[in-house]
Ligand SMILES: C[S@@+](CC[C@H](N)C(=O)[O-])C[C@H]1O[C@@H](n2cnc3c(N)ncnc32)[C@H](O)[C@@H]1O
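Before any questions on how it binds or moves, here is one chain, the form predicted alone, in structure tokens.
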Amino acid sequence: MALEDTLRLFSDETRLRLAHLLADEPCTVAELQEALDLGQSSVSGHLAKLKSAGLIHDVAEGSARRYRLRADLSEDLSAAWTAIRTLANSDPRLGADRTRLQQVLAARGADWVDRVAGSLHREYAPGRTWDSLCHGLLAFARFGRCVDVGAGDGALVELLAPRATTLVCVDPTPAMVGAGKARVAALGLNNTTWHQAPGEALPLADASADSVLFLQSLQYIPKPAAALAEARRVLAPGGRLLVVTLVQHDHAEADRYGHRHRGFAEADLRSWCKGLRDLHVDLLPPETRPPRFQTIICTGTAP
């Protein structure tokens, strides 16, 4: 979006008032009309321009649509909006708009649950974070004899070890293995061992594992196909493979994290895991923050 177009977008008083309200609350056209005392055509016209510029988006809610500020603004638009919002926040008219909107929402009985219906996955709710959800879901997990390939410094051992009979952490980097061993010793985890080895040559016997995990580590391994062949080798009959990695992309930002591969195509993962039963490859929605990396999950069971 050109600079002059961005400035023109925010130069209109009504669009600026709408943007400020939508940054605080997802709203319908009717709610915005009543809060700002404007006609439907005026509100809808300005919302269309804000949406076309990429500042807001809308979600269907029955016969209406609820508008909200986008969480994945482009870098330039985000910088412009942040600066403009900061400059305009002291405007008493905006404070009055917020007060009026809250009165409208209260009168309509539009509580938080109603307002976020259809977009809950984008919303923060106290305690409902990915971290807390993962801890809760892991309480049901049982990994048996587990192998974590590319375990790094053992950041996840505290989650995995209590749900495993034994946990073998494998990483090729001496510094990571040293830090991982220190972490395990500090935690007193007596079922966890470490091996400094590449993912393509696991120092484990055939059919010796009930689960093999690649948790955002496959993109670091020079030969991912060979690493997945090793995973199949060490899995016992009925053992499960879990690969959590990135979808193939062209984001140069990944290079700063030392990734050897810019993600993987679904077809490649399926080919490399050929022979496993119940093979599933699922794509998660792209991240909301730029550059919008996308995660792909591959699971399968050894025959």
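Throughout, we count residues from 1 along the sequence that is shown. These numbers come from a predicted model, not from an experiment.
Heads up, the form predicted together with this ligand isn't pictured, but that's what we're talking about next.
- For the residues Leu77, Leu105, Leu94, Met176, the 4.5 Å heavy atom test against this ligand in the predicted bound form is passed only by Met176.
- The single contact residue among Leu189, Leu204, Leu101, Leu215, judged by any heavy atom lying within 4.5 Å of this ligand in the predicted bound form, is Leu215.
- Only one of 161-169, 78-86, 139-147, 191-199 places residue heavy atoms within 4.5 angstroms of this ligand in the predicted bound form, namely 191-199.
- In the predicted bound form, Ala151 approaches this ligand with a heavy atom inside 4.5 Å.
- When this ligand is considered in the predicted bound form, Ala209 lies well away from it, no heavy atom lying within 4.5 Å.
- Shown alone here, Ala155 lies within 4.5 Å of this ligand in the predicted bound form, counting heavy atoms only.
- Using a 4.5 Å cut-off on any heavy atom, none of the residues of 284-302 reaches this ligand in the predicted bound form.
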